[in-house]
Every structure is written in structure tokens, then in C-alpha cells.
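Next comes just one chain, in C-alpha cells: the form predicted alone.
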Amino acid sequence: MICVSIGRGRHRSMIAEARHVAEQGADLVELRLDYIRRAVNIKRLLANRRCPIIATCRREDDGGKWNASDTDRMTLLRQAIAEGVDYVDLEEDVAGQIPRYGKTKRIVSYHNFVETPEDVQSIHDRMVKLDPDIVKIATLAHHPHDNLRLLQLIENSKVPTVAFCMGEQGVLSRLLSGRFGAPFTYATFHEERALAPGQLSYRQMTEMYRYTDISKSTAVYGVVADPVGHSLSPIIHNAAFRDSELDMVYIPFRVPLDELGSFLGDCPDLGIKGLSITIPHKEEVMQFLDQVDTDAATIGACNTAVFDGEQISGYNTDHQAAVDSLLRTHSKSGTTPLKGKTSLILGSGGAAKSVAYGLTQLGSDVVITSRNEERTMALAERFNCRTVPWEERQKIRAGILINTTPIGMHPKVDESPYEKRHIDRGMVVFDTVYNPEQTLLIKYAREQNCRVITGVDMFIRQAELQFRHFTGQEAPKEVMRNQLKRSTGAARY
């Protein structure tokens, strides 16, 4: 069940939004009384309600907007109970002062916007003594492991418990709380009006993640990155799972580089069966893998991990995606169309490694350049490639230009790693940036009548290959491509 939190300054707006989400299928709505700018009219808010209501009035210290006296706040909450509100949210320090009355159920809550305390179990034990129907604990995540601690708290509690971590690192606990037995989780009315850090919208929870379908049997997948908020992988993989009628969900996991090992250790307990690995973890993850395929071992980078019990197997689908994308542009050029052609790779990270490996396998003369000279030299030595200083990259006469840097990525869409005047008409220009699809570099290349490969081409292809590793099935590639283009606005090109 999803509870939609609504915080508006006017009664009319709050009532309208509550009615709207109820008509959309919401099972529970939280009315944030502390957001109303004038005297709160409880009767008006509860009249003709379409679904059960939680009355909440949060103080500023607890992340709310109530700045009047605490006496007035408790009077308001007592009034809501007297008027027969379905649930009332009471912080633990006032729960003992507001007795149970009528049929109103009591949510006793604890909020910590600073950390997830080590003694969270003792906090829960303390709250259970305050006559709750539901215990709610919301804390700020500083470590990925904080999520598992709260989810296991839900699972082991005899009293129904809603517990999750706030912040970007806590998104997984919001999405998986039902899997561990929480009676509901929280969502906001709209993506742009989150009432707490890391809160997702009702539309995202229902349409992208299908929260109400997640159960103990649901296999969990996701993308590991830092940051992760920009990733569009959840959009396309969840669309593919839905189209294929698979009991699977794909979640974004923000994991700092120094906590990757700890997170991977938590994966079996979280129900995670597979991961997409991206910046900055593609190389670091190698040390934690039990088995690595030949390509990933040779490249020294992994973008796909699959769990079999405690065993983790690693794969690299980036290189095959890059090769497939390049070969499609040379489909009429013979069996070895790239042999002997000069390819200039911009960048020296994990994606550059995969592209360099694929191109050298096809016999291309590869030249590598990046702002990091040490990484450039190490990559060139690994695959026996040439190098050129970043400042001199545009002097190379290359038949194929590949950008693996983030230059041109949203929101800095007015940047290009290569000047238009240096792009030759006979070039193939390949930009691995997929958001936006039509980067400035791609626009320059089109204006020069070059053959182009966009980041969408490679991104979808590597995701197709990941889907195969995750499910053992062929991916619905057109579903994935159309979903990505809708999400990036690329369909208009």
C-alpha cells in the first residue's frame, strides 16, 4: 500500500489533490496540516473523503512547517481524532499525552534528519510501549547498510512498522519496505513536491516501480552508481520487465566508492539478483567478483553482476554494445570493416576501456586521449594503442571518433569535446552520452553529413545484453528504446 503525502497551503488545494490521488487508486492519503497557512478546518478536510486519511502536523524540528505552540498543535490533533480521522501521526514525545479514542488508529513516529542511529532497535522498543497501531521510523542514510538495518527492523517487529531511510541513499528502503512487511510506504503527490528527502512520487512508485506488486518472491535488480539520480536504467529495465510479465523490479542504488564491498555483501539479504555497474564502480567492483568472463577480465572493467547465492559473476556488455553499434554503420564494408582504420577515443575511464578493447579486437588503429595523462598511458599500454595529448586531439586524422567522456551530458548540453571545424565529412562520430541523445557533438556531426552513432544506440544494446544475463531471455528492445526516447525527449528528433 502507498500513502500519498499532501502538503498544500490551502484547504481547497489539499482536498482536490486528495480526491485526485484517490481516484488514481491511492489506498491512503496523509494530510500535512502543518502546511496550511490559515486556521485548519478539520471537518472540511475530512468531509467526503474518498480513502482513509492520516492527519499529521509536523513541527519544524521534525521536518515540518508548524511554528505555532505545541499546545495548539496537540489540540488540533485531538480535534482530528474527535472528528474520526482514520489515522493520526504522533511523535513519540507527545504520544503519551494524546490517548486513544474512537476508531482512530495511532501511528507513533520518530524522525531523524541527521543520521540513522546505532540504537535504532532500542528506539523501536521504546515506541512500542506507547500504544501504537503502527510504528514509523524515518532516518537519514549515510551508508547503504543503514537501509538493510531498517528493513530488517520491519521484518523482525511484532508491531506493524513503517521504516525507511531518507535521502538519495535511502530510496531502496522506500521501494523495498513492503517486501519486508511494512504495511505501507510514503510517496509524494508530484515529483517536484517531495515533502522529505528522497521521496518518490505516486506516479513513479506505481508506473515505474510497480510498488504494490513487489513481494517476497520479487527478484530485485538495480544500477549501482554515485551519483545515481541521473540514471535512466530503471526506466528502461522496469519497462522491459513489465512488458515481459516478469516478477522483477529494478532500483537505483547510490553507493559511495568506499562502501561498494559492504553493499555487495548486503545484496543477498536485500533479495538482489543482479546489478548494472557504472561510474565510478566499473573497475573497483572487479576485486569483489567470484567469477569474471574473459572480456571483463581482459578489459579490467565490469558493468554487469549476477548473483547466484553468495557467488557473484561479472560481465562486460559495454564492449559488445560498442562493437555492434559500429559494425551496423559499416554493414556494407565487408567482413572486417574497421581493420586498419584510425579510431580516436576521447576519455580513459571504464567506457573507454571497453571501446578500446572492442576496436583493437577488430583490428582498428586506436588512438587514446584524455585529460588524465596517467590513465591514458595505462590504457594505451594495456591494449597496445597510441596516445595523443588532450590539447592535440584534433590534429589526429581519424576515420572514427568516439566520445566516452561526460562532456555534453545533461545539464551541460552546450559543450562538445571536439570542435565542429575539425570533424571531417567522412568520419563516423560515436557519442556514448545518451542524455540527451542529440548532443552538441552529434549535432555537429550531422551538420557535416557524417554517419553518427548516438549514446542511445549503445545504451540500449548494452541493456539488452544485461537483460539477457538477468533473465535468460531476449530483451524487448523496441520497448526499451521507445521508453528511453520518451524519457529523454529524444523522440522529437
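Note that the rigid core is defined as the largest set of C-alphas that superpose within 1.5 Å between two forms. Just count from 1 along the sequence shown to find any residue number. The structure presented is a predicted model; accordingly, all values stated were derived computationally and were not measured.
If you look for the form predicted together with a small molecule, you will not find it shown, but the lines that follow are about it.
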Establish, in the model of the complex, whether Val367, Tyr418 and Arg446 all lie within 4.5 Å of the small molecule, using non-hydrogen atoms for the distance. no
So, Gly347 and the small molecule: in the model of the complex, are they within 4.5 Å at any heavy atom pair? yes
Do Leu140 and the small molecule share at least one heavy atom pair within 4.5 Å in the model of the complex? no
Examine Thr404 and determine whether its closest non-hydrogen atom to the small molecule in the model of the complex is within 4.5 angstroms. yes
Any chance Gln462 has a heavy atom within 4.5 Å of the small molecule in the model of the complex? yes
Region of this chain that lies against the small molecule in the model of the complex, out of 24 to 32, 431 to 439, 45 to 53, 58 to 66 [heavy atom, 4.5 Å]: 431 to 439
May I ask you to choose, among Met409, Met377, Leu130, Leu153, the residue with a heavy atom within 4.5 Å of the small molecule in the model of the complex? Met409
Partner-contacting position among Arg371, Arg386, Arg328, Lys395 - heavy atom within 4.5 Å of the small molecule in the model of the complex: Arg371
Would you say Ser416 moves its Cα by 2 Å or more between this form and the one not shown, aligning on the core? yes
Superposing on the rigid core, does the Cα of Glu391 end up 2 Å or more away between this form and the one not shown? yes
Core-superposed comparison between this form and the one not shown, Ile407 Cα displacement 2 Å or beyond: yes
